[in-house]
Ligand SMILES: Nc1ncnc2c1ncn2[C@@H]1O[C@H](COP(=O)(O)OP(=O)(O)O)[C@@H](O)[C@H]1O
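We begin with a single chain expressed as structure tokens, specifically the form predicted on its own.
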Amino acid sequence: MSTGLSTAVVRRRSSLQSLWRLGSYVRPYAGQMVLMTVAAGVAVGASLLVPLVIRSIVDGPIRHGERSGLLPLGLLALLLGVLEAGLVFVRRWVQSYAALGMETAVRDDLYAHLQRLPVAFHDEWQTGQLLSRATTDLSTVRRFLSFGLVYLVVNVATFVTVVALLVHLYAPLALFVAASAVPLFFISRNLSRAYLRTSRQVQDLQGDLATFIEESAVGVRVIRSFGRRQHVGTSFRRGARTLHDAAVGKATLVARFWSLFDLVPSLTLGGVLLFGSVAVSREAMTLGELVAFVTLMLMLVWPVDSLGWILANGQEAMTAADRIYEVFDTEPAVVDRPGAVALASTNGWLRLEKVGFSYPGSSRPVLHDIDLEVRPGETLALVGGTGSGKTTLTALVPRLYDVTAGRITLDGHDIRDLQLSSLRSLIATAFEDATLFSSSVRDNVTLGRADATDAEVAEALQIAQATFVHDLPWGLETRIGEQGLSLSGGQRQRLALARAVLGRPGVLVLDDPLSALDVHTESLVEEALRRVLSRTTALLVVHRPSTVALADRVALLEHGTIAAVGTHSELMETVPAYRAVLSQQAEEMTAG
């Protein structure tokens, strides 16, 4: 077996296992699935009785000219048709309820799992790929589990039942019809092998294109400011054309095999009419039996035709399930330890003991041998050149990442021994790159404190000098655009700062939250922040020399470790590297 074929077989087995694992979401709807299958089966059974009624009509009243027998047999055929229609309605209604319920359950679990996954996972994965898995792939799985799987069972049962009835009517022709299943088996086997690979390619390309569109929408200002609209448009068309070609290839594959699925029943029907007519002429069959035989034979056209679609949909569902479980099978790296406790409040005593950190998949440590203490109520500023590890260090405190060496303690507790929900309720963070959501100003500010009062919100806005929100069309209820792009950079940063200081957290982590502010606004925010920082423990990343004045002590980071700790005055006098960093940052601010 070639390497490519071996890989395809392994992939197929993995995809089938993934689809089987999703069966756990079907169990709550087992009753509905059984009802749906029974309704579909009885509806098919009712339709199969109609040709037998036709045989009775042809060989009875029509052959013998007995008009009185036409009415009851005709009413029976009508009743069977009404019964089939009613059962089809029941099946589709139950199908919609169960299918949408399953899809909702999987999507809820997938979203919850995404929220538990570490920041490192989201750093590596494309947004469009995750979006594709949560929408397109789930819809594909839902279609197969709710429709394809049921009709696969029903159509196989229909084929077996029809062949049995055909044997009852005329065995030689029935065996001829049954033999037509052999080429269908080989056609379906070849289809499943080719379609699995093609389907996966199309689904991956859809995710890539969704990522490109999402990034282009978020970065539209950058694209236009650099005059790169045509370049981005060309890239989009190239990606869309690649997806188009792959999708056309998939459609061509299906069309080719579907035509073969159509060809086999057509050839079989021609043979049945030919040999059936000979059998009637020799009186081996009655005319009514031939009519019933052909009618039953025609009823196999849909099961055979749909077999191609069901197999194709099944292959898509397997690859979709495989893509979904690529996310589900990623284990959360930052989780509660067994026996983790909740901390109701904190004094804000923060210690970093021999802390080291390397990003997943990297052997080069970003931080190493960090020893640092932030006393209750103290503000410690982190100063360092670009790439020294300041932002990474602040991300370790709320456990956005876990240390890979040493430990961090809060009031003497290793933060890994505290429940995540408890830890993050005591620590508030404001990042340099302020992230806002497409909702109201109030929702953005109260993201970490949904129960905050109007007075607390007003105080936080005042501290962050974000009272500009009252001038917006609907005040706090004004919806801001995606990523807050309808606001200026300084306004976004001030709202993010208000969100962080709301509720007076025990520990406040600020990653240069004033970088986008003008000098006048910065001085007002700093003055208000002094009152907040006097009541809490704070870790403050500083890029602006003027912001150092907010800190009680300063720690200088160089090459991923602490090079010096002291007051601003002490470090200015004794540490040339500290003076050099502040001088460089001051020059950058002046140049900016």
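Worth saying up front: this structure is predicted, and the values here are computed from it rather than measured. Numbering starts at 1 and runs along the sequence shown.
What comes next is about the form predicted together with the ligand, which does not appear here.
- Residue contact with the ligand in the predicted complex: V366 places a heavy atom within 4.5 Å of it.
- Taking the partner from the other structure, the ligand in the predicted complex has a heavy atom within 4.5 Å of a heavy atom of T386.
- Using a 4.5 angstroms threshold between heavy atoms, Y325 stays clear of the ligand in the predicted complex.
- Interface residue remark: T409 is not counted as part of the site for the ligand in the predicted complex, having no heavy atom within 4.5 Å.
- The partner is not drawn, yet in the predicted complex one stretch among 166-174, 287-295, 209-217, 386-394 has residues with heavy atoms inside 4.5 Å of the ligand: 386-394.
- Only one of the listed residues (D108, D454, D123, D451) places a non-hydrogen atom within 4.5 angstroms of the ligand in the predicted complex, and that residue is D123.
- For the residues F468, Y359, W93, W302, the 4.5 Å heavy atom test against the ligand in the predicted complex is passed only by Y359.
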